[in-house]
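Read the single chain below, which is given as structure tokens and is the form predicted alone.
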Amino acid sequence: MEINELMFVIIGAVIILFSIFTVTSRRILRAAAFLLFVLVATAGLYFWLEYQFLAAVQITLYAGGIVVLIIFSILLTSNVGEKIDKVETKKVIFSALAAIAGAILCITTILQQQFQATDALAQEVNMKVIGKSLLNYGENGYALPFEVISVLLLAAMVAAIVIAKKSKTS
């Protein structure tokens, strides 16, 4: 096994392992910490693939921003040492079936896709083009979708805090 293959296996194993820890942890703050490890390992995968810009966005936006927002939400709404109730066996079975069905769907879709090499020359992309695309509201721009998603995430977090605070007092 070459070093590239070994690195891919190690990073993939870390992502899978901490993903499982994230969804099976009964302590909510630990689950958020495990999610942080998953997101940082995903950034490591991007660095390994030499997608430095995507890796930097992964670290700053997801690992830095979203996880901190989740941790603050946890600290504002619940006791940190509190354990989540044990999940019923019926829910575990149905969740496992749904996960297996989703994995089968994804794998069959990928295997049925006919990937073809292209003879087209690679286009040069520099930071100026990326920056203009990120700040552009028009065609091929990402500013408007980013703003819409940020407002949606803010509304979801405010709603989650309101719901969590309501259930604590009643």
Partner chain sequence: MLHGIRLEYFLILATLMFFVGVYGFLTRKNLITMLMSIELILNAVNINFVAFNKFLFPDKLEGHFFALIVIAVAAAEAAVAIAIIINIYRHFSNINVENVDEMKY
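Source: prediction; values computed, not measured. Positions refer to the first chain, counted from 1. Take the two forms, superpose them, and find the largest set of C-alpha atoms that agree within 1.5 Å; that set is the rigid core.
Below, we refer to the form predicted together with its partner chain, which is not included among the displayed structures.
- Contact label in the model of the complex: residue 136 to its partner chain, heavy atom within 4.5 Å: No, residue 136 is distant from the partner.
- Since the partner is left out here, which residues of 30-63 would have a heavy atom within 4.5 Å of its partner chain in the model of the complex? Residues within 4.5 Å: 31, 32, 35, 38, 39, 42, 45, 46, 48, 49, 50, 51, 53, 54, 57, 58, 61, 62.
- Item | residue 23 C-alpha moves between this form and the one not shown by 2 Å or more, core aligned | Residue 23 C-alpha, core-superposed: shift of less than 2 Å.
- residue 141: Cα shift of 2 Å or greater between this form and the one not shown (core-aligned): Yes, because once the rigid core is superposed, the C-alpha of residue 141 moves 2 Å or more between this form and the one not shown.
- Message: After a rigid core superposition, would you say the CA of residue 130 moves by 2 angstroms or more between this form and the one not shown, or not?
- Response: Comparing the forms between this form and the one not shown, which are aligned on their rigid core, residue 130 does shift its C-alpha by 2 Å or more.
- Comparison of CA distance in the model of the complex with shown form for residue 136, residue 68, at least 3 Å: Relative to the displayed form, residue 136 and residue 68 move farther apart in the model of the complex - a change of at least 3 Å between their C-alphas.
- Message: Distance change of 3 Å or more between the C-alpha atoms of residue 72 and residue 155 in the model of the complex: closer or farther compared with this structure?
- Response: Residue 72 and residue 155 sit farther apart in the model of the complex.
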